[in-house]
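Below you will find one chain, with nothing else, as structure tokens; this is the form predicted alone, and questions on how it binds or moves follow later.
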């Protein structure tokens, strides 16, 4: 097997929760040597984030933590202690990249600013993920996924116009920020190596608010160039392009594709009533949207979702299916491409994880090890890599530094 794409890249992971660990997971699964640093005792707060395997709130059974920290080595380090800071400086010298997602004020308190770290390693690339960026009037404000959606403007366009705005479920802003941070870190590392100038390091400032706001590209353009404020859609007149009930779930029907003719669409659906003069033109269909919705909902409810999905593509309509989590894991498409992987964890056992979102022919993606137990690699990293003796490690542990 060829070396993986990032096998020569060394990453010091000082992140926690979701955004930072997801970014470093992406690098680790592509071969980077990622050393994850956790606080002694409690570790990454993500270890307390459910759901837990078997509903057992064990720090090594948090499903988000297990997924977000594959392929990494894990150590404990008290960044507030002088001994911990001493070990940290050695790790910063070793690293090509340091990833952090502490609040800006915390970075300053811990001496983890880019200006501080580049005195230790002038060639260092540092990526900082924060809610609103390292500078600006909001830089010290706290935020959640919902807050990021709201302040980015993205939330304004989701939901029905006659209801309150909504956001996507779970931690989408965090995962999106992690994806951007991983890509940005590679750009910075690549530029440092082949940019044609002597490397002096780089600070990458990733604002989650800006990451989410960037998703409003067409919405911003409409306002900037035309003064149009895009709003949420009404709940009626939008069956096509929205989820609709079938006999066994939900479908996403559209008129997109080769067969955009309304007459052909009516024949495909076996619904001669769609040829009524009330629906003859696009203007008629908008004017009679409520009646149209009733016809479409009744017809779609007569079919099974996958049956109609495959039939639609045979007619060259671009339909989608709302799959349940179980149906996703059983997808013949994902199975054919080997998307899901199984990882054996010493505490959690053998679990199935989402795999790579891209396939590399020469530098394959691979989950090389399960998420580390708390402090699992202290001896390997501090002793074997940095040269600390067993007695040194005992003293560091007694002092609460590891």
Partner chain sequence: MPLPLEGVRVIEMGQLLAVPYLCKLMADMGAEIVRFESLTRLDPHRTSVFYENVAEEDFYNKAANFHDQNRNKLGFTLDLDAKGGQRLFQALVAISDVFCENFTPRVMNNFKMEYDDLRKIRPDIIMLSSTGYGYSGPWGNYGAVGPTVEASSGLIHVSGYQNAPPVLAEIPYTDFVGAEHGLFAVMSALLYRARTGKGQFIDLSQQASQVAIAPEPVLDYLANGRETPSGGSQDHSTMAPYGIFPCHAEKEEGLVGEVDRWIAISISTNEEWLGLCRAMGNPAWATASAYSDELSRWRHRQELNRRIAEWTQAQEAMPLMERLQAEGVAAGVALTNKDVLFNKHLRERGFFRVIHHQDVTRMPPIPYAGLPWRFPEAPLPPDRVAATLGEHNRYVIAEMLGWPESELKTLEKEGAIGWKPISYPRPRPVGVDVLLAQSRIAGYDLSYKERIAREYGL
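Basically, rigid core = biggest C-alpha set you can superpose within 1.5 Å across the two forms. Predicted model, so just to flag it, every value in this text is computed and none were measured. Numbering follows the first chain given and starts at 1.
There is also a form predicted together with its partner chain; it is not shown, and the following applies to it.
- Scanning 94, 268, 262, 141 against its partner chain in the predicted complex with a 4.5 Å heavy atom cut-off leaves one residue, 141.
- The contact residue chosen from 287, 89, 303, 275 relative to its partner chain in the predicted complex is 287, the criterion being a non-hydrogen atom within 4.5 angstroms.
- Using a 4.5 angstroms heavy atom cutoff to its partner chain in the predicted complex, all of 7, 171 and 207 count as contacting.
- Interface residue remark: residue 55 is counted as part of the site for its partner chain in the predicted complex, having a heavy atom within 4.5 Å.
- Among residues of the shown chain, residue 372 is not one whose heavy atoms approach its partner chain to within 4.5 Å in the predicted complex.
- Taking the partner from the other structure, its partner chain in the predicted complex has no heavy atom within 4.5 Å of any heavy atom of residue 366.
- Using a 4.5 angstroms threshold between heavy atoms, residue 298 stays clear of its partner chain in the predicted complex.
- Residues of 132-153 placing a heavy atom within 4.5 Å of its partner chain in the predicted complex, in sequence order: 132, 133, 134, 135, 136, 137, 138, 139, 141, 142, 143, 144, 146, 147, 149, 150, 151, 152, 153.
- Core-superposed comparison between this form and the one not shown: CA of residue 281 displaced by 2 Å or more.
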